[in-house]
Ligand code: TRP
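First, one chain by itself: the form predicted on its own, in structure tokens.
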């Protein structure tokens, strides 16, 4: 069974794949602007605490369930069930996770396609193809549809090769490249006029806002979503981990890598925004808030690059290469969730399953593109704000309330023989049983407008 499924051949391969899944477009622009809009270093401080007190325990729940079940989310949760009711619950949670991650991928591919288009833009301008450059950076059904198909094709190519030759091979190449490009861009941007103001906005704390409940909930949401929790991606990656590995250590390393790259992204984006302001580019919207999301990536930063002269083309090329890599490392983890189910539960050959499922998701992407104003924000809201936290809640319930405590201990002990005497075992079961579910429910309270 394990040979047929495949495994990560090295700890480095798993870390690159898992951190690549966690590090995506949201980390590169979502985390920095969230930080700047919520008290700077006060938000950063709160986020760091919540990652390790709440998000890390939930991450461990998915990794442990995955390695124990050595299968996709549906089968793994069914295997933990104690009767018909929990069996049906596990089946439902697993299927909801598959649908949710597929819908997340459907809008993620659209945004990733924009990153690819903007990556080609500086190359077109360097070649003097200004009309092509204008088409690449302009809104259009044809452009969006074309790049949806290109990016999905790239994702299908990686996943169809399997765990070792696909996910591990490409994650091990792409993640180091992402980190190198990110550091080089930081070193350049912080030397520009206006960067120091951005660094102050990012690093100088206003601890007077730490007690603000909105800041705490926003930091919790960022911590939870940044680690790709609640839809089974980390569960699937955990199922490919060798039994000899220390899962508690691996999970902490994934969390550290995710936090580290998010922090580095802040060192790039915040100074870049204030450099843009120094160059006459508006970085605040009509309501007085910092421009974030697509408005930042597709408006503010390109305007900054254009104001830099010839060097701006090279900086734009490096930046959108960074964004494309971040997109791909996340998209491959998302596509693996439904593909693993089709391969393991229905005996479909991997390449056929990957192409078929990738084609279905591509069609959904094209439907969203054709009805963008109606479907895009709706898909984002339903999946990331409602379904994903609910999935995380149920993963915690399964590992802490349904799974036998001795069985859980035996699974972790396989790569960590002394775990019962460790601080991890003394704290983690309590957190994942009580604190994590309550914290996730707090997110729903905020969404319902009670905070």
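For clarity, every value in this text was computed on a predicted model and none was experimentally measured. Numbering follows the first chain given and starts at 1.
There is also a form predicted together with the named molecule; it is not shown, and the following applies to it.
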Every residue of 233, 330 and 334 near the named molecule in the predicted bound form, heavy atom within 4.5 Å:
yes
Among 122-130, 344-352, 308-316, 97-105, mark the stretch whose residues have heavy atoms within 4.5 Å of the named molecule in the predicted bound form.
97-105
Position in contact with the named molecule when the complex is considered in the predicted bound form, options 415, 69, 26, 39, heavy atoms within 4.5 Å
26
Listed residue that, although the named molecule is not shown, lies within 4.5 Å of it in the predicted bound form (heavy atoms), from 324, 239, 155, 228
228
Does at least one non-hydrogen atom of residue 22 fall within 4.5 angstroms of the named molecule in the predicted bound form?
yes
Are any of the heavy atoms in residue 388 no more than 4.5 Å from a heavy atom of the named molecule in the predicted bound form?
yes
